[in-house]
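Let's start with one chain on its own, the form predicted on its own, as structure tokens.
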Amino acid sequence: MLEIILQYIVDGLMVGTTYALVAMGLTMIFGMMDIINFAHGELYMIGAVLAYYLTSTLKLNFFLSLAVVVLLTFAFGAFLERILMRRIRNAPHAMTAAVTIGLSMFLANFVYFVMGPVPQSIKAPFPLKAIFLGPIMLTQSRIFAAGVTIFTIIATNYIIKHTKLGRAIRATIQDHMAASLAGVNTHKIYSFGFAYGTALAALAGVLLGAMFVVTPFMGESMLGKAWIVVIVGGLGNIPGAIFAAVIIGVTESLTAGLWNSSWANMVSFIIVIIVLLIKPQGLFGKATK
């Protein structure tokens, strides 16, 4: 029984770290721009769809496709910020929610029109043969996804804590007016933040799309998980999002494996309710007066 529990914990850790990529981008966008982005799940989906077309239609190497997807979605995120998000940056939350919901519907249905309803698979070079580390069974695709995710989290943490750009990002998150008065070009920081968050979501889409399937509406469930992670960790708190993503991933894996898969999502919502009752600002969020 202990071996089975260990297997579910490892599976949850690997999926949870990928949730963290999506949640990091979402919480960065909210923390800097105060925009409730309901289109973030579709940005995750676009990453997977691009990787599918690059590997299947253009016959590009999977690893090259991964790099191309990150670059393309970073540019797409900067484009979206410039033509759309910048216009609603200081708007009420109800308006930003309505605009991003509309963007979400447009992106999902556009991809549905182009791709169709049939689930597709990203051509990844990983064999299906399992690797055993003692009692723990792993696959190369999951090991690769976890490795890329951990590297990205460490690199992001380094950028935010130890670079000039990171100091500007932290200043903008804490007080964008004060940052602007101190000489920070907040327009460029907002653009970078949204573009970087988009690329993180797309990267997660490629990694999970290589393990599962790609569909035009795969972003819906991921958006729900990402918001759960962001709320539990604390709105705008990136370390909190990472910690919460791991907790949610492990909890879902244990619930699905030891109890019932249909209860996995329900348990995540129960965690949200408990956290909000005990600490309304989230586990790592700061209380506001």
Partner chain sequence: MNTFKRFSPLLLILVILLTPTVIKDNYTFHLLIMVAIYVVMTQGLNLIFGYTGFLSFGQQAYLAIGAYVSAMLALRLGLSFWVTWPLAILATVLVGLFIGFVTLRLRGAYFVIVTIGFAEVVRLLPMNIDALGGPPGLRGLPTPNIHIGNLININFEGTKIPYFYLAWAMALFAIFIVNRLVNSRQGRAFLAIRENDSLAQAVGINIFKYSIFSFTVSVALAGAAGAFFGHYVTHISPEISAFHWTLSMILMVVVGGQGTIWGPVIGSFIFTLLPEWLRAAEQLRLPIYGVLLILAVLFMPNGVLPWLRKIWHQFTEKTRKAPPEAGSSPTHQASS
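Note that the structure is predicted; figures quoted are calculated from it, not measured. Positions refer to the first chain, counted from 1.
Quick note: we don't show the form predicted together with its partner chain, though the next part is all about it.
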query: 32, 133 and 151 all contacting its partner chain in the predicted complex, non-hydrogen atom within 4.5 Å; finding: no
query: Among 97-105, 69-77, 206-214, 142-150, the region lying within 4.5 Å of its partner chain in the predicted complex by heavy atom distance; finding: 97-105
query: Residue (of 222, 51, 248, 231) lying close to its partner chain in the predicted complex, criterion heavy atoms within 4.5 Å; finding: 231
query: Partner contact for residue 158 in the predicted complex: its partner chain, 4.5 angstroms, heavy atom; finding: no
query: Partner proximity in the predicted complex: residue 62 to its partner chain, non-hydrogen atom cutoff 4.5 Å; finding: no
query: Residue 38: touches its partner chain in the predicted complex, heavy atom cutoff 4.5 angstroms; finding: yes
query: Proximity of residue 109 to its partner chain in the predicted complex, heavy atoms at 4.5 Å; finding: yes
